[in-house]
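A single chain comes next, written as structure tokens; it is the form predicted on its own.
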């Protein structure tokens, strides 16, 4: 276990979304820490609450449709959830930055990319127009944009998807943040460009010493880039631990299912084991373990109460059938509960 002080500590974060049946929790009592210079993966299926967690941290949940109702987000000792909006704006973009999933929704189509990067620098760093433009050019070079002098005056629609994503990375890094939230930064890109963007993020993270939360549904990306991972399901963290340990011995049935759905490049015949069903939508969550309706190991006790995170050393899992919960004991039942869900 690490003994240094976390740069970001999220405790009991709860966010609700307005639905036809009332307010429903989409982020439910989420807690984790991020250490300086660490890359932390946050994985799960679409709709599990990953993006809403990131938006809640930065105070960007869409209002009045959503609201943060409980918890703390401590950044260097300051609770971001209780900062006045004016002070939060100083933190947002300067000390904590975010890369959004689709750059066309985060870039303004009526301004050049150079103007958009320069505006961030003028607002947060107080640079003159000329100095901000010069720094924007340096940033485009830093993220590998070809012919940056020409691209500086391009509009977003004039750039490829990979170049637009590089521009958003340049904007995020423009004020030298301490924490970077990367929300599915490669989802909308083809495989070759995905690899280039991940290589770029890995290089910049190492050079700049950033602490990164990498939000993704791709376990392959997590294995390559992160050192510790949180597995999220239906708004809650269900497993936590070092990437190597979780890949070697997943403890939660949901994590086992995610890993079983990955193709084995060594196999002559690839068989994938899908997880039956879908992530429950807000309002459909019932009493008990949220994964129980899709879990082949579920028993009656799994539907009695929502299990807490059982912790031991660097591992944590929200499953009453896990060894970390103190049950089951050794024997066939324990083997069944912890064995990876394999074809």
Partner chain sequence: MAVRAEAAVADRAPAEETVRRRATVARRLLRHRLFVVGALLFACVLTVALFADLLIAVDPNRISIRNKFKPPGSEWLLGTDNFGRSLWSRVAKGAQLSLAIGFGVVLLNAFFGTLIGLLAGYFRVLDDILMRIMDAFMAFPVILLAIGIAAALGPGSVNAVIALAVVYTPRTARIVRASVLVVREQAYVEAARAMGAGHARILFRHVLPNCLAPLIVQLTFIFAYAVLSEAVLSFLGLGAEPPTPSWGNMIAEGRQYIREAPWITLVPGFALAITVLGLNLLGDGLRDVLDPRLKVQQ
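Residue numbers count along the first chain shown, from 1. This structure is a prediction, so every number in the text was calculated from the model and none was measured.
What comes next is about the form predicted in complex with the partner chain, which is not displayed.
Judged by heavy atoms within 4.5 Å of the partner chain in the predicted complex, the contact stretch among the candidates 66-74, 275-283, 309-317, 29-37 is 275-283. The partner chain is not shown here, but in the predicted complex it comes within 4.5 Å of a heavy atom of residue 293. For the partner-free chain shown, 20, 21 of 19-38 come within 4.5 angstroms of the partner chain in the predicted complex, judged by any non-hydrogen atom.
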